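Single chain ahead, by itself, as C-alpha cells, in the form predicted on its own.
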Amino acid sequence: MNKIWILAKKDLRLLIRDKTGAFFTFGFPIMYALFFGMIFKNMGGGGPTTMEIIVVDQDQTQASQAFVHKLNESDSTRIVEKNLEEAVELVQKGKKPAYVLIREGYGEAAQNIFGGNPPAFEIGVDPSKRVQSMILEGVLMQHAADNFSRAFSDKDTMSKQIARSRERVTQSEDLNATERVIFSTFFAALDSFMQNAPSGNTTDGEMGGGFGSMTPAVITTKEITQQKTDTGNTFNITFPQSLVWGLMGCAATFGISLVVERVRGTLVRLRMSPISYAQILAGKGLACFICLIAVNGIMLVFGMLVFDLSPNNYPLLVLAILCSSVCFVGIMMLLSVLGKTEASAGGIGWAVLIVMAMLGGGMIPYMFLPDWIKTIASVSPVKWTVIAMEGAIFRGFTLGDMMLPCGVLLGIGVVCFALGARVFRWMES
C-alpha cells in the first residue's frame, strides 16, 4: 500500500507542476460552471417540441375529459393520466417535466362564460425545465381559448348561457328592480340577436384572441421540489452539468498521462523497480480518484461562496460524488488504452467524452433529445452522474432513490477499469 501511495503522490505532484494541465483540471470546470450559469440564468432548462406530461383530472366531467382528449391529440403534448400524488413524485424525481391539474369545477366553469370564475389549471413543473412550463402554459391557454370561442359561435350553448345569466339576475339581491329590468332586457335582446345571427364556420383558434376582459382560463404554476431547495437560484440547477465537466477533465488528463508515461519509457523504469503492474495501475487510479474528489470539493466551495449554492442533502451529494468519481476512474483507465500516442489518446479520449456528454445531458438538455437517443443515453455515465447530482442537490432523492444511479456508476467504473487494465497489460506484454 505504501508503494501505491508513493506513486499516487508522484502523479499529483506532476499534475501540479504542469500549469496547463492543472488549469484545465481545476480552473476550466469553474469556467464551465460560470458559462452554464449565465446561459441558463433566465431559462432554467429547455423542452422538446413534443412534451410528455401528466394530467390530473380532479373534475371528471364530460367537459374535463374532452379537454384531456384535446391535449392528447395536440402535436405539442403527449399525456398520461395519474393521481396528484403520483404526478408530484414523478415530476420531483425528474421522470416527467410537468403535470397539469384540472381542478374540480372545471366543467361548470367552462359552461358559465358570462359569470363566475373561469376554468382553473395548475402546472407543476420540474424547476430545471421552466421554458417547458411556459410552452405548456401557452398550449393550455390556446385550448381554453378555442373552447371559449366555440361557446360564442354555438347558438344552443349561448342560449343556455344567456338563460342562466338572466336567472342569476332575477335572483340577485344586490340589484334593485330597475337594474334587474335593464339587465333582463339586455340579455333578452342578446338572445334574440344570437338566434337570428347567421351561422359561421368558426374553427379552432379563429376567435382565440379577442375576449376583452374575459379570461378563458386561470393558470397557476408552481415548482415541484423540496422546500429547502432555492430553485430561484439557477446555479443549483445547472451545477450538476458543471461537475460533470470537471469529472471528464480529470479523467482525460490522467488517461493521457498514462499514455505519456508509456511512450516516454517511465513505465519501463517503474517496472524495473520492485513494483507490479497492479500497483502501478492502482497508484494511477488512486491519484485520479483523489483529484476527482478535489475538483468536486473546490467547485462545491466555489459554488457555495460565490453563487449561494444550497444542496438539499449533503450526505447524498457526497455519495453521488464518490460513486461518480469511481466511475470516472474506470473511464480514465479505459481511455488510456484507446491510443498509442499522446495525440491519438487525447483526440480519441475527448471524442468519447464529448459523445458521452451529448448523450447524457451534459451539453444538450436531456429533454431536447429524441426518444431513440434517450434510450441509448442509458449507457452514458454522464446521464447517471447528472441524475445522482440533481437528486442530491434539488430533487429531494432518498437513499433508496440514489441506489439505481449510484449502482450504475459503480458498475461502469469497475467494468471499465478492469477492461482497461487488462488491455493495458496486454499492450505492455
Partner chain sequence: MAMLELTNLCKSFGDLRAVDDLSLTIETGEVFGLLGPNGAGKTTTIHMATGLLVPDSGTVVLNMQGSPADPEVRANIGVAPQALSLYEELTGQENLDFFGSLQGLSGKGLAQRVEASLEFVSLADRRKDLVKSYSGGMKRRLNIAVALIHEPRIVLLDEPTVGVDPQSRNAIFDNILELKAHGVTVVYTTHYMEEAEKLCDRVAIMDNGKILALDSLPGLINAHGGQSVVILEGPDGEKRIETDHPLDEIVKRKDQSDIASFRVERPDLERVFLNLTGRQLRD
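What you see is a predicted model; the values in this text were computed from it and never measured. Positions refer to the first chain, counted from 1.
The form predicted in complex with the partner chain is left out here; the points below concern that form.
Enquirer: Have a look at 77 to 85, 293 to 301, 268 to 276, 245 to 253 and name the one stretch with heavy atoms inside 4.5 Å of the partner chain in the predicted complex.
Expert: One stretch meets the cut-off, namely 268 to 276.
Enquirer: Might residue 261 be said to contact the partner chain in the predicted complex, defining contact as any heavy atom within 4.5 Å?
Expert: Residue 261 belongs to the contact set for the partner chain.
Enquirer: Taking any heavy atom pair closer than or equal to 4.5 Å as contact, tell me whether residue 410 reaches the partner chain in the predicted complex.
Expert: Residue 410: no contact with the partner chain in the predicted complex.
Enquirer: Does at least one non-hydrogen atom of residue 418 fall within 4.5 angstroms of the partner chain in the predicted complex?
Expert: Because no heavy atom of residue 418 falls inside 4.5 Å of the partner chain in the predicted complex, the answer is no.
Enquirer: Going by a heavy atom distance of 4.5 Å, is residue 414 a contact of the partner chain in the predicted complex?
Expert: No.
Enquirer: Honest question, do 374, 377 and 383 all end up within 4.5 Å of the partner chain in the predicted complex by heavy atom distance?
Expert: No, none of 374, 377 and 383 comes within 4.5 Å of the partner chain in the predicted complex.
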